[in-house]
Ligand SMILES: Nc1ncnc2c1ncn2[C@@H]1O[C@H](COP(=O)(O)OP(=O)(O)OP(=O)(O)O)[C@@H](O)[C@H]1O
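To begin, one chain is listed below as structure tokens, in the form predicted on its own.
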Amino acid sequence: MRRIILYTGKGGVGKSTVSAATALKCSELGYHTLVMSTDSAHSLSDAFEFELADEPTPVLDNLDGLEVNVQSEIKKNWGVVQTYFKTLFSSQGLDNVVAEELSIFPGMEELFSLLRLIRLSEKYDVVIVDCAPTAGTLQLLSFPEVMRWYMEHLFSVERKLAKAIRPVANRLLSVPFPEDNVFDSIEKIYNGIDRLSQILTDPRTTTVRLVVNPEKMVLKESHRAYTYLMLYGLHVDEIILNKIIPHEVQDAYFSEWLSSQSKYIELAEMSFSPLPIRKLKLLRREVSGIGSLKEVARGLYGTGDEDPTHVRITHSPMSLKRGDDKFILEIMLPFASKDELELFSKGDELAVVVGNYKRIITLPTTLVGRRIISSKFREGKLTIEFEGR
């Protein structure tokens, strides 16, 4: 068995606590479990009250923990390319500090942390990932698409060009041409990204769970995150509503909070339907240490044998079907609005833009060369019709 569960959400909603508690439950059920943090502001060590390292560290029987050293991963994966970019930018007169900043692209920290999954997931039954807050996770999602486009459209041409003209260009031009080791490094990263994408978008292996507090701003951000996760083909199978104030709290000071939370719990249940929602009450004390994490696990999964690894719901973010005289491509984009949607088609590629995020979809062979007849967006579903003849 191999099962990967990613927990993400707005900063401060309790991702680390839920991740750690879920990992404890999985280990108690007999799964060889790893819980890893890809958030540069690690909290897992604090949650366990146990110092974790950059390599899997035994916490309990069947349970290891890991806090990825982000800077080490960037240096290991991107060091050769980064050195070239710094040289390139510096050759154009940029300050060294600015050149170094520009050589790191948004989404890289989370990407290189998650590349560890390729190797680690083969050693464990279950891997629980405590992701960075939503913004960082969403930057990660767009990076592989950008990287893939550059590799497929520019890599082979640029490499051949560089081999042909490098000896002359390096003498005549102020812009340094990359050496072969730069291309080799980029190709290795690309292959890793491609494998990672396969793992993350396989619903039999990987699902994402959104941790949400019953508050207006958190709920709105979670709606947006759900839309973008679907855009990039990731499968969300559960919502965790965390930090719910119990109704037995009758202090007048909390009356407004209870009323507000009740309203947003109802809104979450209605808006995320049919996604299952798991509710977790706010504990009487701060969650820290194995004992309190086990209490959280009981609040999430009860005292029986409920298995957190079970996929709670299956749904396809994108589907293709054949009509009478057309092909119909459907992309689920819940919570998106028509005004923020854009659609472009060129050759075997379809670009879908939602707000600030764009996904370039390589069309299946069936659709290549077929003209788009129409497109419409209704009730969270983008429907694109292609000619069938």
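All of these numbers come straight from a predicted model, not from anything done at the bench. One-based numbering along the sequence shown.
Just so it is clear, the following notes concern the form predicted in complex with the ligand, a form of the same protein that is not shown.
Looking at Gly369, you'd find every heavy atom of it more than 4.5 angstroms from the ligand in the model of the complex. Of the heavy atoms in Leu24, none are within 4.5 Å of the ligand in the model of the complex.
Of the heavy atoms in Lys281, some are within 4.5 Å of the ligand in the model of the complex. Interface membership of Pro133, defined by any non-hydrogen atom within 4.5 Å of the ligand in the model of the complex, is confirmed. Screening 320-328, 35-43, 50-58, 343-351 for residues having heavy atoms within 4.5 Å of the ligand in the model of the complex returns a single hit, 35-43. In terms of contact with the ligand in the model of the complex, the residue from Glu101, Glu269, Glu286, Glu256 that brings a heavy atom within 4.5 Å is Glu286. Within 4.5 angstroms of the ligand in the model of the complex, the stretch 206-238 places no non-hydrogen atom at all.
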